[in-house]
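Below you'll find only one chain, the form predicted alone, shown as structure tokens.
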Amino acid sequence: MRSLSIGATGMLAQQLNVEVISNNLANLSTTGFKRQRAEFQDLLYENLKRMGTSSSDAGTVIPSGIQLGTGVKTGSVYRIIGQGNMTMTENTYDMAVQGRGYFRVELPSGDEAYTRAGSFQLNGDGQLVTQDGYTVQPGIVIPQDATEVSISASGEVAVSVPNQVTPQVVGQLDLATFINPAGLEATGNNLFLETPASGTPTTGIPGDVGFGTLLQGFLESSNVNPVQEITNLISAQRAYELNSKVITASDEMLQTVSQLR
């Protein structure tokens, strides 16, 4: 019976849907996290009677025919790029991006990764780094005798040092944007990699046309809406139950057939 395999595809699809929702909820407090959503597609159809074919020598045509679906499959799990709320931390090296753009990070391999999580720190050399110690590009070094660090909305990093009235500019942060940010490959640790789907990065100064601005002392929270995710979870659970009932009904029908004398 086709309904057995069709119901099984439905249960597998909703199982994946629940896994996506659970990952969203698990990252409810992850800085800069962007929620994901599963999209599904119907499988191939079996044509028992093709529509539009001739049904007689008189030229009559079958108007609708008979098409039987074979179930559902996962089309994609895409990332929803939406702005998260701004959370004040009052930490000097915490930065949030308001609008489009990613911070550039140099990996130990020499490759470049991208992140929205601006929870940065200083290493032993005074370089601005991520929580894993990866250098934030283009490589900002804070002097050891700096008494105050100021990062403007345009990414200009200025420090105050003893015996100098005017703050000293020590670097300029930039942002990278992509034509299709949903095509970036997530590698964990709040990092993304460029892919052919995302397109090549365009680098620019925060505040320029097409680029967001920076906010010092803030972090961008996850854009996961817990109420919406719980609602989606309930819908996925009900869909899973309905598909399981299809399998149960099909099994009972087969049992009835096997008991015929």
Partner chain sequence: MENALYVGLSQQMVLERQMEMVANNIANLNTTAFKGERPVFQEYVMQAGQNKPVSFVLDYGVSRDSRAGVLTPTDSPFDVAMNGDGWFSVQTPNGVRYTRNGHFTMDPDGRMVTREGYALLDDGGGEITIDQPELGTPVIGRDGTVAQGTNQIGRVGVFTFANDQQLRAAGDSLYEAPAGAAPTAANDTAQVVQGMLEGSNVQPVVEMTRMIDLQRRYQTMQNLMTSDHDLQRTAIQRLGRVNQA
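Residue numbers count along the first chain shown, from 1. Given the structure is predicted, the values throughout are model-derived calculations rather than measurements.
The same protein also exists as the form predicted in complex with the partner chain; that form is not shown, yet it is the one meant from here on.
Of the heavy atoms in S198, some are within 4.5 Å of the partner chain in the predicted complex. Using a 4.5 angstroms limit between non-hydrogen atoms, G139 is distant from the partner chain in the predicted complex.
Taking the partner from the other structure, the partner chain in the predicted complex has a heavy atom within 4.5 Å of a heavy atom of I81. Contact annotation for V246: at least one heavy atom lies within 4.5 Å of the partner chain in the predicted complex.
Residue-level contacts in the predicted complex: of Q41, T231, S54, S29, one residue has a heavy atom within 4.5 Å of the partner chain, and it is Q41.
In plain terms, the part of the chain that comes close to the partner chain in the predicted complex, with a heavy atom within 4.5 Å, is 68-76 out of 86-94, 124-132, 68-76, 163-171. Taking the partner chain as positioned in the predicted complex, the only residue of 98-121 that brings a heavy atom within 4.5 Å of it is R100.
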